[in-house]
Structure formats: structure tokens, C-alpha cells
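Take a look at this single chain, the form predicted alone, given in C-alpha cells.
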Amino acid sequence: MRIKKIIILNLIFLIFLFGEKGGKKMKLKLPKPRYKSEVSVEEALLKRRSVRSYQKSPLTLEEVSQLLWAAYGVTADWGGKTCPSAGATYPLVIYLVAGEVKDLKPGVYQYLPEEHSLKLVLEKDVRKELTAAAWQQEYILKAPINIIITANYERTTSHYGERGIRYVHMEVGHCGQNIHLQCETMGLGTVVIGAFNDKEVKRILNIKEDVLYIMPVGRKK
């Protein structure tokens, strides 16, 4: 009876620690991002290019942390982020498709800016499926990670009506450029991909938001 009670208590503890459904709600706190680099904004702008070839080399968790912070991290006490947003509605939701990251299992993760953490969505390397959904653009498969920028349009259109759609599209451009410039300061390369089957990508990632950009990231060759 005592052993059974101990087992039940352990199960309750595991559910509390990792969330429901076998850890699907597991969160991972990311390393703190840095706020200075040796590369100036001017130099990053000068060198920014679309990069489609990457070394066969994993990224570190510190590098992933820096990229996600640059994309949509919190920069103000009231919740302001690295991107300008119409009415501070912040409609974007950032996902990480991890394939080869040190100390991080392959899978799909949601970036939680307010906590600067990752929430596990799907414990599976989906890069091959994602490549197929993007009409075989192989750099998605070969990159160690892909940053997926999605949007919940209602956050902005509820304030601005149909014109809010335009504001969301402006914001995703800011976010994509942030990632590009941060990559330049880190010796990494990326490219913005907008050609893909929307429904397939949502199904593969197991998400509800509308997908706007896929950005593979890796070390430059």
C-alpha cells in the first residue's frame, strides 16, 4: 500500500513538472541574450545577404537564444519587443524547428518572449516534412534550425479592422530583418522563405496560427 502511494505521488509530481500528455507542455528556460557585439549595425547591414548553404555543424543553445531574442524578445518593462508593432498588439508567434542544437532535443518549440523560454510542441525532427511542404527547398532540411514566423491576425485586426492585415505583414518584415542582422553578427546565415503549402506546414508543426516566413539558419560555408 505504501509503495503504491509513493508511485502515485511520483506520477503527480511528474505531471506537475512536465505538464500533461507526456511532457508536451515542457518548458525550457533559455540562456540570457547578450546586448552588445563587435559588429556594428552598419557592418551588419552592409554584409546582409540571403544564404542558402550551411556547414554541417550544430548550433548552440546560446546561439538559438540570441536569435529568438532578436526576432521577438522583450526589451521594455511594459512588454515592448524588438519589433515595432501597430498599437503594441504583437500578433506574431515564433516557432523553432530544432534539428541539430546542442543540449536540445529535435522538435518543434514555441518561443515564449515574456519568459524567454521554449515550450515543446512536438518532439520530432520535422525538417524533411517541412522541406517537402516548401516544394523541396533543401536548405530547410540541411539547416540545423528553422525559425518559423506565424501570426494571429485577430490580435491586430480586432483593433484596426481589415487594415490590420497590412500592419501584421509590416511587422513580419521587421522580425525577419532582425534575424538577418543578428545572424550577421554571429557568423550565421539565413534566408526568408515564403513559398510553401500553408495548410501542410501548419499540420506538420501542429499549430493554429498562419505561417508567414520560414527562415533556415546555419553556419556560413
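Keep in mind it's a predicted model, so treat the numbers as computed, not measured. Counting begins at 1, following the sequence as shown.
One more form of this protein exists, namely the form predicted in complex with a small molecule; it is left out here, but the text below deals with it.
> Is there a non-hydrogen atom of residue 139 within 4.5 angstroms of a non-hydrogen atom of the small molecule in the predicted bound form?
Yes.
> In the predicted bound form, does residue 49 have a heavy atom within 4.5 Å of the small molecule?
Contact with the small molecule, yes.
> Looking in the predicted bound form, any heavy atom of residue 26 within 4.5 Å of the small molecule?
No, residue 26 stays farther than 4.5 Å from the small molecule in the predicted bound form.
> Taking heavy atoms and a 4.5 Å cut-off, does residue 194 contact the small molecule in the predicted bound form?
Answer yes; at least one heavy atom of residue 194 falls within 4.5 Å of the small molecule in the predicted bound form.
> Pick the stretch from 59-67, 41-49, 160-168, 26-34 whose residues have a heavy atom within 4.5 Å of the small molecule in the predicted bound form.
Comparing against the small molecule in the predicted bound form, the contact stretch is 41-49.
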